[in-house]
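To begin, one chain is listed below as structure tokens, in the form predicted on its own.
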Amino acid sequence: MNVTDQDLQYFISALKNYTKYDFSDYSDKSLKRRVEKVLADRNLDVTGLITSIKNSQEFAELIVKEITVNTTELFRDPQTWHLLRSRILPRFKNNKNINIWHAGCSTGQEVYSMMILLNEMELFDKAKIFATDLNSDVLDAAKKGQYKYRFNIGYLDNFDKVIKQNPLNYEEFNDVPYDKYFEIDKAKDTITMKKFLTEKPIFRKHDLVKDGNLFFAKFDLILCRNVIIYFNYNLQNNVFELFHSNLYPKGCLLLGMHETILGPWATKFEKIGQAYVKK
């Protein structure tokens, strides 16, 4: 079913009026696609969807979970992790503490990737890890740190590329065993993160649109990858302002492969690949 601009505005208004969520500054195009999928999956029209949102807080929460994106993997985009390893994280090696915020952490694979890399670089004990998402279900999954093995078998290739190999020196090979960081059980089809990893991060439910900084801390590194592509220009700028004001000088913001800072905030950062260093 095609969702018109007017349908979309009705849907956004209903969420705004009957829940605490405001999607009015999300990208119309991607939001339309998601609402169309929700309608098709539930065999509803827009009127039926809005009626259900009005009548049930539980249903409204479910819809919000369905229209927020949650795709992630261990060491997603290995070249980004090479950048972190070679050019970003070494900047913090003399810090007493390294504060890291994963904004929009989804099911947590990025958080575990970061901790594995920090451990290999002997920075793990200095790091304080904070991770947030709008969706409480994915946060529960992140806290557990258990993932499907067969579905995520490509993880191991990514792990090898980032942790075992050095793209700057192909003769260098670090034989890091998988079981240093996670248990693989092929019979149960699981990859389970080790306890020393699962107990380190602080996970919180958080709405980037309106919640500000929950942690009363400034950050050396903020990762917000593949989130702002779903926001319109104004909301992107609000989020950049939030990140900029909560980064230490020379702190770094990391965006997704297809994201960039445009507009007034671009001048306040120095760009290094996907990383933006606060001037």
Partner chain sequence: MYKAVIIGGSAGSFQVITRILHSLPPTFPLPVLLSLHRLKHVRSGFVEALSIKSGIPVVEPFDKDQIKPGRAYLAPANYHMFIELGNKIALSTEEPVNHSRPSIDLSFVTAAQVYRDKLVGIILSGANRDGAYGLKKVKDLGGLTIVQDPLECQVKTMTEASMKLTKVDHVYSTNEIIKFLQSIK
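Numbering follows the first chain given and starts at 1. Note that the structure is a prediction, hence the values are computed from the model and not measured.
This next part talks about the form predicted in complex with its partner chain, which is not shown.
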Problem set entry | Residue among A217, I229, L44, L62 with a heavy atom within 4.5 Å of its partner chain in the predicted complex | I229
For this session: Please pick, from E183, D157, D140, D189, the one residue with any non-hydrogen atom lying within 4.5 angstroms of its partner chain in the predicted complex.
Result: D157
Exercise. Is there a non-hydrogen atom of D77 within 4.5 angstroms of a non-hydrogen atom of its partner chain in the predicted complex?
Worked result: yes
Exercise. According to a 4.5 angstroms non-hydrogen atom cut-off, is K54 in contact with its partner chain in the predicted complex?
Worked result: no
Problem set entry | Close approach of K210 to its partner chain in the predicted complex, 4.5 Å, heavy atom | no
Exercise. Do R33 and its partner chain share at least one heavy atom pair within 4.5 Å in the predicted complex?
Worked result: yes
Exercise. What are the residues of 15 to 45, in order along the chain, with a heavy atom within 4.5 Å of its partner chain in the predicted complex?
Worked result: S27, D28, K29, S30, R33, R34, K37
